[in-house]
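Okay, so here's just one chain, in structure tokens, the form predicted alone.
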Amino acid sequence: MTKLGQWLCGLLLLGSAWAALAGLRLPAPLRQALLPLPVYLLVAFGCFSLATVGFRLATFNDCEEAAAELREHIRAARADLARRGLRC
């Protein structure tokens, strides 16, 4: 199962549980806490996503070999273009 499928299954499970609980006759304080729950979960998901992206950016590995290979390809392309009479 893909990651998207896992997230959609979890969202479906939480949504159906929320809908089932929202349909019940609950005391007022519990109902007031239950109704905005999807918004709270959406905000928590956004915070989790931002933290994950920030962590992955902070721990991003440099690929020196790939950078050197790319520089060599650029030099070869410039030399080929210069040989064909195009100025870079």
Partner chain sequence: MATATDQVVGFGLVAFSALLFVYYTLWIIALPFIDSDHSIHQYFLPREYAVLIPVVAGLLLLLFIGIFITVVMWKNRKPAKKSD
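Because the structure is a prediction, the values reported are computed rather than measured. Residue numbers count along the first chain shown, from 1. Rigid core here is just the name for the largest C-alpha set that superposes within 1.5 Å across the two forms.
FYI, the form predicted together with its partner chain isn't displayed, but the following is about it.
Using a 4.5 Å cutoff between non-hydrogen atoms, Ala33 counts as a contact of its partner chain in the model of the complex. Within this chain, Leu26 is remote from the site of its partner chain in the model of the complex, having no heavy atom within 4.5 Å. Proximity of Met1, Leu12 and Trp18 to its partner chain in the model of the complex is absent: no residue of the three has a non-hydrogen atom within 4.5 angstroms.
When the rigid core is held fixed, the Cα atom of Leu57 travels 2 angstroms or more between this form and the one not shown. Gly46 shows a C-alpha shift of 2 Å or greater between this form and the one not shown [criterion: core-superposed Cα displacement of 2 Å].
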